[in-house]
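Below, in structure tokens: the form predicted alone, a single chain.
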């Protein structure tokens, strides 16, 4: 298997700027084109260990983030293109790398309804997964990043992909997206952390991505059984606790955090019921990352379903 870092930089950068650089990301292949320097920098920093797709592999998502024409160059603007269509407004070049990552998430969120999809971080230890649904600001991505830096395997910080009829989740490895003060928290937590380019003045503030595929089996695409659902809540100044929660309430909250539960109808209901029935459910309220990581280690040692 050839990884991006195995190719000479001049070769993959030429592919990126011309016919496209095809990377295998979990079960999907993205062909990416870009003539934006910060996008090239971000891909080099974040995707070096990702497999390069074979020439005859099926392309799931054909995307580009590029400047087109003199007017866009003069205005320092770029646009995201998927299968020849431009679904979003043009964005400032300084936000280009963050927008590439958002666009890749959008492709999965919009087009992959063969799975029940939850807006959740997914991490794993000892080949059992923990799904962590949460609204923006709940602290799921910050905790996901901290766990990645403490030898947990990150399956996703955005999508839990559940095949209907199973309690497994399909890995969709990506860098972890961090915003605003979370960036500084993770830098302080682990000074060795590798970040991609910062994007400033986005609609979410300052955004940077963490390289989170350091585990030896990071790019294994085999589904993993879900042993627990954890609903994190970052609460400065509040008591810290990891406490069991009822499955009926967990079902309702997980459904609220699903991208396509209603769209799938009865299939979505059955898939969510199977997932929640087969996993232990918890609330995690925290404000200290070291405490939260220790709590997750304890959960892995005895609080997950087999």
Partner chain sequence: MSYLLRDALIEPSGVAGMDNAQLACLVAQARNSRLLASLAARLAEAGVLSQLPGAAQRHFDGATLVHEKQRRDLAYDADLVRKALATRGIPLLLLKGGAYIAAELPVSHGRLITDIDILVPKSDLPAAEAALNTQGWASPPISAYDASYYRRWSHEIPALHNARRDTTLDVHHNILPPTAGPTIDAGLLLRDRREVSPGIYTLSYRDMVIHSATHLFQEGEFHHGLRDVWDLDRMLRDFPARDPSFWDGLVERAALLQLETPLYHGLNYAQQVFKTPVPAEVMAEAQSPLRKLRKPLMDFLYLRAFRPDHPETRLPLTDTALYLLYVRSHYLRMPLHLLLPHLARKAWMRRMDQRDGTTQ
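Positions refer to the first chain, counted from 1. This is a predicted model, so every value here is computed, not measured.
The protein also exists as the form predicted in complex with the partner chain; that form is not presented, and the subsequent description refers to it.
- Residue 252 falls outside the set of residues with a heavy atom inside 4.5 Å of the partner chain in the model of the complex.
- In the model of the complex, residue 111 approaches the partner chain with a heavy atom inside 4.5 Å.
- Contact check for residue 165: no non-hydrogen atom falls within 4.5 Å of the partner chain in the model of the complex.
- The partner chain in the model of the complex is approached by residue 58, whose closest heavy atom lies within 4.5 angstroms of it.
- Note that among 43-51, 26-34, 275-283, 238-246, the stretch whose heavy atoms approach the partner chain to within 4.5 Å in the model of the complex is 26-34.
- Interface residue among 222, 135, 184, 85, judged by heavy atoms within 4.5 Å of the partner chain in the model of the complex: 85.
- Distance criterion of 4.5 Å from any heavy atom to the partner chain in the model of the complex singles out 264 from the list 271, 264, 38, 63.
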